[in-house]
Every structure is written in C-alpha cells, then in structure tokens.
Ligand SMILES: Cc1cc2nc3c(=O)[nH]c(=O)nc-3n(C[C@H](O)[C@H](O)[C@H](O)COP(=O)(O)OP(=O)(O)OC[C@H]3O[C@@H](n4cnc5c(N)ncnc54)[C@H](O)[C@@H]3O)c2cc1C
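Shown below, as structure tokens, is a lone chain in the form predicted alone; questions about how it binds or moves come after it.
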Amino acid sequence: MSAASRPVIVGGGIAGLVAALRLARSGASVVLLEREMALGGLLRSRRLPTGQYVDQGTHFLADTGIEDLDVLVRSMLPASELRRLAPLQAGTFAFGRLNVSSASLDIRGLGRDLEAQIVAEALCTEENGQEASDLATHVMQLFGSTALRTVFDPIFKKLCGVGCAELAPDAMRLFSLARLVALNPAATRRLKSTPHGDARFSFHSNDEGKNPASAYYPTHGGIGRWTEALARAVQDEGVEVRLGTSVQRVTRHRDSTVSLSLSNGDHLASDLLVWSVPSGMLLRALGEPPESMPQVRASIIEHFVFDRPFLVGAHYVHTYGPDVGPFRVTLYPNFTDVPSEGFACTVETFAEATASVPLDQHADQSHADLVRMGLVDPRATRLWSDAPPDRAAFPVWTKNHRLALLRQRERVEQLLPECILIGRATGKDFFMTDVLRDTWRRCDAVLQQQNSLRASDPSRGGPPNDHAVLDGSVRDVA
C-alpha cells in the first residue's frame, strides 16, 4: 500500500485495532475512529477494590492458523506474561448435572430413558443436504424431535427468549451447542468412529480429540492488558486515533473515494473505508436506514469475589439448564495469578431487554446459583460483588435478523463497493478467532489488490485527494 494512502477505520474493537495495525505496517497513514472514550470494545478489564482484575466480556486469545497473525497476537505481551492454555478447560451445567470435563452439552442429567431415546433418534436422523430454514428443523435433522422438545427448545427460550422455530439454523454455534455428551466414553468413541455420529456427539474429555490450537490469556491484568498493548502498538505505528468520534454521514465520490462527516463537525476524505461496527449504522450514514432492528436480550455482567477457592478447576462453565439463571461463569484463579486474598469470577446472564432487575437481589440469586451448581463452596463468604449499570445488548439470532443482515451487506456492497466490512459488520463471525482470521484475510486481499494495481499502472501511487480535514463542502459527488 502506498504511503500516500490513508484508510479510515470505523470502530476501535479487536477487528478495528488489528486492521489498523496491519494496514499501518504496510505503509498506509491510517485514521481510527472510536465513539467510546477507550479502545478495545468488549475486550477491556478493570481492577476491583479487592485487587482482582475482571473482564467486561471474557475472551481467550487462540491460535488462528495464520502464522503472521498468530505471531502478532503473541507478541503484544512478553512470553512470560501470556499463559498458554492447551486446551481450554471448559465445563457445562445442564439438567442438574455439572460436567467440568467437556465443553459440550451433557444430556446425562435427563435420566437414562430420555438420554437413550435422544441417542437412538439421533442415530436414525437423515440430512437432505439442504440448509434448514430454522433452528428447529436443523435440530430435528441432527438429533430428532425428543431432543428438540426436551433439550433445545427449553435452552433457547432461556437464552434467547424464543423457541428454536424462530431462530436461524446456525444459532446453536453462538452457544457451543453443536454436539452432545451422552452414554459413556467407550460408547461415544464407537459413535464417533462414523461421520454421522461424529457430527452429533462429543468426546467426554476436553483432552480427547482436542483442537491442537492453543489458547492464551495474560497472567495478570485481565484480557484488557493485552488489548491495551495492541492499542499502544497501533499508536506506535503512527495511526491517528480519534476517541469520542462517530460517523454521521458518508458520501461516495466519482473517483471512488469517500468523505465522512463526523460527530465533532470535522470531515475526512479517504480512499479506503474499513467498517467494523454494525452495517446498519453505515446504511444510516449513507442516508438509507435499515428496514428493521433486531430483537435484543440484555446481558447482565456481575463480578464476585469470594474468600474460598472455587470447587472446580475449569476455566469457564456454560450453564444451559433453565432452572439456573447464568449462562456463563468465568473462574479467573484457574488461569491467572491469584492475588493475596479473594477468588474472583464473572457471571453473565441474559434477560429481557426491558426487564427491571434490582442488582442486589440479582447478585443474591446468582450467588445461590453458583453454590447450587457446585462452583462455589456453600461456606464461602462474598467479599465483593457488583454489576456495571450499563447492560450490553445481545441480538437474538432469529431467521429475520439473519436475513436482514444479509440484505444490509448486499446493500452496502451496492452503495459503497470499495468499503471493507469486518468484525461485527459482517454479521457472520461470532468468536474472536473467526473475527481475527477474517479481518486479517480481508486486509491482505486489499493489500494484494493495490499491489497488483500499482504493478500494472505505476501512476497509481495514492488517492487523488489530500486527506486533511475538509471544509465541509460536498465535492465531486456522483
């Protein structure tokens, strides 16, 4: 990329930061816009009064399979301060049963008869080779009607507030529900010896058939310590970071450059717009609001510190049972250095977006659930608990929402074909590893394209306009 090129990246979360660093290191003069007053998005941490660090949204770094990207991820912190977790020790709580040996949904708590019926139906199912129209149909194709009625519908009504018939067929990917743990280890190995069984059932141990990719987490300071190091690297490369700044309007010009009107009254011009926040926001800036808004759930994040160690060694536990409130519990002492006193965890619960939840009462209920699930010692004293007042909005992955996102991407491509959508803007990547991998590949594709153009036409060294702040007038509008 020519040194004269000046991409504008919208959104300072993980996708925007990685894109900014990748493009800046290629020689571009990058501007990064973030509407919040801090970079990092959900990958931020804070220190509690008791000394522990907790995350705003707990995420683990992981190998992506792209060597240069993996080197970059691991280079943000000294090797001695980035703990390798191979594999992640994940657990589940479902139907009254705690399983800290596998990250897959354990149905053995349903009772032997119901478990056997689900396994038998799963072995008799047939797929027609076509994508299911909704999650209910997808579950029926994989596991049968009993699993849909007794397992998946109750779980998704807890997590999403709606049943499987209203959800997109790939919604189970958001919650790690693709496979089941059933029977015993030996029987499962026999089931997994066939492609049909392997697609439906999981090994009983995180260590068996494990993904060879390693996961990583800072030894102290939370995931935010890694994100802060990435943000410093971005600024050290000369990226111009503008915090507290959002895009109000985007205008495309005849020469394929764009001008952006910002919330502070400034105007920028760019030859490459990289958009990492929801694509509906870009359509609004283009003067074409999206047709509909998604259903959302409130994500309530609570932090606890107890005076006794946790009863399990899992890094995190997904809780699927409708009879307990939380969805995910992250147990920091099991993968970070422990302060002199106190054992911290984060509890994430999904609720109706409009629900009024007294936080003190909610903390008492969450504490009781942690004890009931066997994660916290009943004798443990709660040294600290709190919940940030601002709740994150978690979109419900309905059929209509998925279709709306597809239409938004297609419309953006029509109105602004030069724009690159990454991160949340793609509407398809849910996990950090997928986001990182997709962002890296999209940036590489842009760099390769521009290198090819310069090789065929040496005069294409940079954009036709200077990228200083414009005077606000509309120039060369198509």
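Start at 1 with the first residue shown and count on from there. Only a predicted model underlies this, so the values are computations on that prediction, with no experimental measurement involved.
There is another form of this protein, the form predicted in complex with the named molecule, and it is not shown here; the text below is about that form.
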Query - is_contact(Phe335, the named molecule) in the predicted complex, heavy atom dist at most 4.5 Å - result: no
Report task. Look up in the predicted complex whether Met281 has a non-hydrogen atom within 4.5 angstroms of the named molecule, and give yes or no. Result -> yes
Query raised in the report: Ala392: heavy atom within 4.5 Å of the named molecule in the predicted complex?
Result: yes
Query raised in the report: Could you tell me if Thr245 has a non-hydrogen atom within 4.5 Å of the named molecule in the predicted complex?
Result: yes
Query - Sole residue of Leu42, Val412, Ile420, Leu447 within 4.5 Å of the named molecule in the predicted complex, by heavy atom - result: Leu42
Report task. Work out which of Ala28, Leu33, Cys443, Val54 lies within 4.5 Å of the named molecule in the predicted complex, going by heavy atoms. Result -> Leu33
Query raised in the report: When the named molecule is placed as it is in the predicted complex, which of 134 to 142, 119 to 127, 165 to 173, 393 to 401 ends up with heavy atoms within 4.5 Å of it?
Result: 393 to 401
Query raised in the report: in the predicted complex, do Gly11, Thr58 and Arg328 all reach within 4.5 Å of the named molecule through at least one heavy atom apiece?
Result: yes
